[in-house]
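Just the one chain here, the form predicted on its own, laid out as structure tokens.
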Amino acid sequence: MPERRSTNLAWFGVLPVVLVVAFSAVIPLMTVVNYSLQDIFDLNTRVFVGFDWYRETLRDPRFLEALVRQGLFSMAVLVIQLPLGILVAKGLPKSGWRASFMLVLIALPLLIPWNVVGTIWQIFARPDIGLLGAALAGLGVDFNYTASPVDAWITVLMMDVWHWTSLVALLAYAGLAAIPQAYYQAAALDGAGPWEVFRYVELPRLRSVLIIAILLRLMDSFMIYTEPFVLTGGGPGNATTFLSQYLTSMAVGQFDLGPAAAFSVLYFLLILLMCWVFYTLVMREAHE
């Protein structure tokens, strides 16, 4: 047999991807880091301030309030959507045209643009003309998401659950479909009930897809912007002003590029740290 020689020419095939990533991600990130270390008065006047903007951001009570608000929202999203998505996936048909029809039907909310989702729920939850608002008003429930912070929170949370639970359900359905029937047959021979089958057969084999679902929903919910901006505009007051909305108002509304850049870097590092810690803990538990 001819001797095979190792070569590094295959790396040239990856080079276009590296260049695209560098242009679309690394270079803008470095630009933001550069801005975060300067006080920018105009395009030609800048003063180096070091880490002053970072210290100012971490001491900003509005930033801390938005951070707490963001964390509570992300936790609520995960607590609701994960069990609900698994429940929906287990209730779907396993095969046939009904399964295909239901999968397409469930995936429809994922195809709707984010600004359209906010507009739909803005109309749907209105107490005067919206179906949800009018129904609650007919039941005697005083519901007004434009005036009550609690109602605004509930509406934003319901909107996110409606929009993104489909993603969890589709991932869970794919994980359930990959489980061999032999496991179910063995569980039936052992006399296992529905809960035992879910606990000892399905849930362990859903671990990988649930990790993906949690990471996707954690990152996406922590970066939510368009839907609550269209629905409530961050109100009433600052009740639904999350980190992304506060950052946008600082960068675009006030044109404070230096503080906004420092805010952006901290925002990015926070999301990266959360995902890394979660992934590390889950994988460590999986290997024990």
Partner chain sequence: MPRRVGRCRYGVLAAMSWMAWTAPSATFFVAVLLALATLTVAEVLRPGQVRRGLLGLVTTRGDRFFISLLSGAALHVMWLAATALPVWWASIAWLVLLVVLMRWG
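Since the model is a prediction, treat every value here as computed from it, not as a measurement. Residue numbers count along the first chain shown, from 1.
Absent from the display: the form predicted in complex with the partner chain. The rest refers to it.
Contact check for L272: a heavy atom falls within 4.5 Å of the partner chain in the predicted bound form. When contacts are judged by a 4.5 Å heavy atom cut-off, F48 counts as touching the partner chain in the predicted bound form. Contact check for Y54: a non-hydrogen atom falls within 4.5 Å of the partner chain in the predicted bound form. Among heavy atoms of I40, some come within 4.5 Å of the partner chain in the predicted bound form. Residue N34 is the only one of N34, N238, T248, T226 with a heavy atom lying within 4.5 Å of the partner chain in the predicted bound form. Heavy atoms within 4.5 Å of the partner chain in the predicted bound form belong, among the stretches 252-260, 215-223, 58-66, 228-236, to residues of 58-66. Taken together, L87, A177 and I179 are entirely out of contact with the partner chain in the predicted bound form: none brings a heavy atom within 4.5 Å.
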